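Shown next as structure tokens: one chain only, the form predicted on its own.
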Amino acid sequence: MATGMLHSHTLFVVLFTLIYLIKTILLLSDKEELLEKFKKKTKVAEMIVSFGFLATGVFLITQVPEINKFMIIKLVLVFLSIPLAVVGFKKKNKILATLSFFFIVVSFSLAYKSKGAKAGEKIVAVNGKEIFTDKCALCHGDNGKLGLSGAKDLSVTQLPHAGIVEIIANGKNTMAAYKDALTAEQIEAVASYIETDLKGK
């Protein structure tokens, strides 16, 4: 479910950003008549997109095991951008509207930073179980079955060894990529631990 919500949230984010980009361009270009027409034509769509954006975002936050500094900054920027946009477009204030759009763009770029931050600091351990407990158990659980934040049940995985290594290294959906936080040897150790200690149990 978390994966579906992530894809839905991404779609709502793109549509939300596109609507506000067009409105900001029209306002900055002094095309007030076109802006009013666009606002009237997209009023219902904008309400649906805004609701979808917020609802899926709230759901995804509830699935995150821990909130890092990038996510906090992102949330602050999103919640600052909403009143700025409302006032900016209502009063035709170009500075507030532009600032609102800037906050939206910055907050979405921080989402990628937030995902990368999940991988965390590099560690020196080579023991697969130790690394799994440190990096993976938060979402997968100690037995691989927790399923938090869309994490797959590792006890029933059908992936071959190479597939497990690939996902640990490059991430997938809400899971961070660990190729920069773990060495190839450490990734192999985690994959082997999953296959021997978690898979089928």
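In case it trips you up, residue 1 is the first one in the sequence shown, and so on. On a predicted model such as this, the values are computed, not experimentally measured, just so you know. Rigid core (definition): largest C-alpha set, two forms, superposition within 1.5 Å.
From this point on, the text means the form predicted in complex with ligand HEC, which you will not see here.
Remark: of stretches 52-60, 37-45, 134-142, 22-30, the one touching ligand HEC in the predicted complex is 134-142 (heavy atom within 4.5 Å). Relative to ligand HEC in the predicted complex, residues 151, 154 and 178 are all within 4.5 Å by at least one heavy atom.
Ligand HEC is not drawn, but in the predicted complex it has no heavy atom within 4.5 Å of residue 64. Among heavy atoms of residue 173, some come within 4.5 Å of ligand HEC in the predicted complex.
Remark: residue 182 counts among the residues lining ligand HEC in the predicted complex, judged by a heavy atom distance of 4.5 Å or less. In the predicted complex, ligand HEC sits beyond 4.5 Å of every heavy atom of residue 13. Core-superposed comparison between the shown form and the other one: the Cα of residue 152 travels 2 Å or more. After superposing the rigid core, the Cα of residue 12 is displaced by less than 2 Å between the shown form and the other one. Core-superposed comparison between the shown form and the other one: the C-alpha position of residue 37 differs by less than 2 Å.
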